[in-house]
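Shown below, as structure tokens, is a lone chain in the form predicted alone; questions about how it binds or moves come after it.
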């Protein structure tokens, strides 16, 4: 490998790490729901894309700066998250894990079908901020839109961690996650905590969906499935229930994804990401931040 190829490889990894903030947010969403309810919400990534599409609808009605799209996506994500809990979890026996799992699969397909019928399956352009900005750092050029996506993702992660570890709601959420029976005896409403968890993760997912659209420059119904897979991979690699693990794993997956694409091409990129998942399942099944005590 000559110097130019090395520079291009490092450039690809850097772009992937910046975009990996999106995967981190998706992983956090999967992790929070799993940590609180011990359930996997397979409709999460589809709901995130749905929220991004909803923000486009808002932008088509209201003439406003492009940054409003991210605010609208966050609000739509919160609403969709609450509806997902109401439809997919509230009235389904939680003691039956297969029932809740299949309900989220049904919601994933439902959200996808709604998007396809509303858009005729045609990809739509999504507004990107600072897309014309390139920051030169030596021989490397950092895209302004990816830097904005990364910065926004970091802000969301910090705010979410502050919410979980510095507020009464965060204390109640962690209590329900660790000791649901004791939480009930202390007067904590598990239903209320579950609803708020889905709303909060929906807000995070809506922002992640908007970040995806802004980084790629478009939205497509075909994004739901790959983002679902990547979100689950990040959750497993980071360690089920570990929020710091989801953050680190998202950045790692983003960087390696671009590295594999650079060296092996886009057709083999996802194959190596899946092999990475299998390697973790074999050699470190608890993930990067595996803890003997369980969840955060």
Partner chain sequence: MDFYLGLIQIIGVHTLLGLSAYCVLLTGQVSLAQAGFFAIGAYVAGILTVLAQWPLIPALAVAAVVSGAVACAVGFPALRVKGLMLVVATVAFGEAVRLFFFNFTYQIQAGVLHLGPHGAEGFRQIRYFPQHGWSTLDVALFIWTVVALVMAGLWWLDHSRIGAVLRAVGEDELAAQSVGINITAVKVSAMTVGGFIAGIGGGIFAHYTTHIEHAQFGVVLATFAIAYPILGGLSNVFGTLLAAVFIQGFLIEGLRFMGDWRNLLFGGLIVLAMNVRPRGLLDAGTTRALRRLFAPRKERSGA
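Positions refer to the first chain, counted from 1. Treat the numbers as computed from the prediction; the structure is a model and nothing was measured.
Below, we turn to the form predicted in complex with the partner chain, even though it does not appear here.
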Given that the partner is absent here, does residue 166 sit within 4.5 Å of the partner chain in the model of the complex, heavy atoms only? no
Looking at the partner-bound form in the model of the complex, is residue 67 within 4.5 Å of the partner chain by any heavy atom? no
Residue contact check: residue 220 to the partner chain in the model of the complex, 4.5 Å heavy atom: no
Verify the contact flag for residue 274: yes if a non-hydrogen atom of it lies within 4.5 Å of a non-hydrogen atom of the partner chain in the model of the complex, no if not. yes
Answer range among 100-108, 209-217, 190-198, 71-79 for contact with the partner chain, defined in the model of the complex as heavy atoms within 4.5 Å: 100-108
Identify which of 227, 37, 54, 233 has a heavy atom within 4.5 Å of the partner chain in the model of the complex; exactly one of them does. 233
Within 243-269, which residues come within 4.5 Å of the partner chain in the model of the complex, counting heavy atoms only? 267, 268
